[in-house]
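In structure tokens, the next block holds one chain alone, the form predicted alone.
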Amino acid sequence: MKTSTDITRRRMLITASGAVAWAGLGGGLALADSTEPAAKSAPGPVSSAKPLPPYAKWKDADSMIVHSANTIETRRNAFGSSGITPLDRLYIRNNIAPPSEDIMKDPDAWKLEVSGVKSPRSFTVAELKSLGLASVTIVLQCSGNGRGFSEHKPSGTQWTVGAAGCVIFTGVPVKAVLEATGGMADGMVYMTSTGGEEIPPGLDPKSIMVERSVPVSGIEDAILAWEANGEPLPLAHGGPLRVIVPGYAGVNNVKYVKHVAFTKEQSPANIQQSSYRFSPIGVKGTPEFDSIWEMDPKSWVTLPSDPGVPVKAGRVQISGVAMGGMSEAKKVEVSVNGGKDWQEATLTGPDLGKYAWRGFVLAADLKPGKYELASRVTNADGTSQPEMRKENNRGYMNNSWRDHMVTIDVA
């Protein structure tokens, strides 16, 4: 049967190319969220058995947890307290292994095609830089962040809290590109972005290509970014050019973007049609289920957070990060007894806009014993982080405060 043959062939290519990716010998497929069994996602520290891949060798190894060559997580205690996640600590999530480093030799020469507009055309990055400039600070978060807490162990990378970061992206507003191309063609409903990863020969591009559609309402603050935290956007994070749709889950912020189209329908690619859908447990994703787009309010304690390291009794500064999703984080509460009692924390650091996260801190006098540290955020729209996760087949968008709670020993 053709379908069975195609799936078998694809799995063989995925297995082979995964080994290639670890060896750093070139492109290939990652074990994407749509196919990777939970058993294949045993996280571990950076080591000879699980090294940082060549394209990410510059990462701070002590701050990272390696799941695979294309899924690398930030340690819970490594986010820092400034509000901005350093690039060398920012997580990595690729559905397909990155393109060759060669594309970074002359990043200004990278070409973007724009269609679904009154005057379709292509732009180099150098030409995009002449159209406008904007910076936006966003929480970049993988849709599966928090999946590792799900009791049904959904397939995909078993992230806990580290598939997220807060980053300042700089580039050209999508609205400026629309203006330069005569505006959107009539009747368009979505912005559809296509990544520039290489597709191995012999595969149906729709089965693995990274092409995501978002509602055109989402492009109000969207940019095409070539810079992150004041540095040229590295290959590991989508350089030379990536789409940034503030407030939307990471998969919608397409890396190595080569084509932006304004379309009447969502992309026919599997990553849009069947992956990244809120389907019930045991049910495969299809277009009848909601797509993974806007993020929800979420927070977690970052320090103290190591259950293996006792905390000295006395005054303890409990700190963490909190995001509001589509509106700013306005209030954070902290519990030291597993949610039985709550105290309002102090927001720390600068307010970098509604799409950024805020640090928070609560000073607590803790006597010797065991404590369950939890946090919950309420955003400007009045939506609070829930106690329980939204159960779904792939463990997407888990923002349960109870799941993200951490237990510490005080001595």
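Heads up: residue numbers just count along the shown sequence, starting at 1. Given the structure is predicted, the values throughout are model-derived calculations rather than measurements.
Here the subject shifts to the form predicted together with another copy of the chain, a form of this protein not shown in this document.
Chemist: Honest question, do 338, 343 and 400 all end up within 4.5 Å of another copy of the chain in the predicted bound form by heavy atom distance?
Modeler: Result no, not one residue of the spot touches another copy of the chain.
Chemist: Heavy atoms within 4.5 Å of another copy of the chain in the predicted bound form: does residue 351 have any?
Modeler: Although another copy of the chain is absent here, residue 351 would touch it in the predicted bound form, with heavy atoms inside 4.5 Å.
Chemist: How about residue 281: is it within 4.5 Å of another copy of the chain in the predicted bound form, going by heavy atoms?
Modeler: So residue 281 does not count as contacting another copy of the chain.
Chemist: At the 4.5 Å heavy atom threshold, is residue 105 in contact with another copy of the chain in the predicted bound form?
Modeler: Outside the cut-off, so no.
Chemist: Using heavy atoms and a 4.5 Å limit, would one call residue 308 a contact residue for another copy of the chain in the predicted bound form?
Modeler: Contact with another copy of the chain, no.
Chemist: Which residue among 89, 277, 331, 259 has a heavy atom within 4.5 angstroms of another copy of the chain in the predicted bound form?
Modeler: Checking each option against another copy of the chain in the predicted bound form, the one that comes within 4.5 Å is 89.
Chemist: Exactly one residue in 113, 290, 265, 231 has a non-hydrogen atom within 4.5 Å of another copy of the chain in the predicted bound form; which is it?
Modeler: Only one option qualifies, and that one is 231.
Chemist: Only one of 151-159, 211-219, 237-245, 129-137 has heavy atoms within 4.5 Å of another copy of the chain in the predicted bound form; I'd like to know which.
Modeler: Flagged stretch: 129-137.
Chemist: Suppose contact means any heavy atom within 4.5 Å; which members of 50-76 contact another copy of the chain in the predicted bound form?
Modeler: Residues within 4.5 Å: 57, 58, 59, 60.
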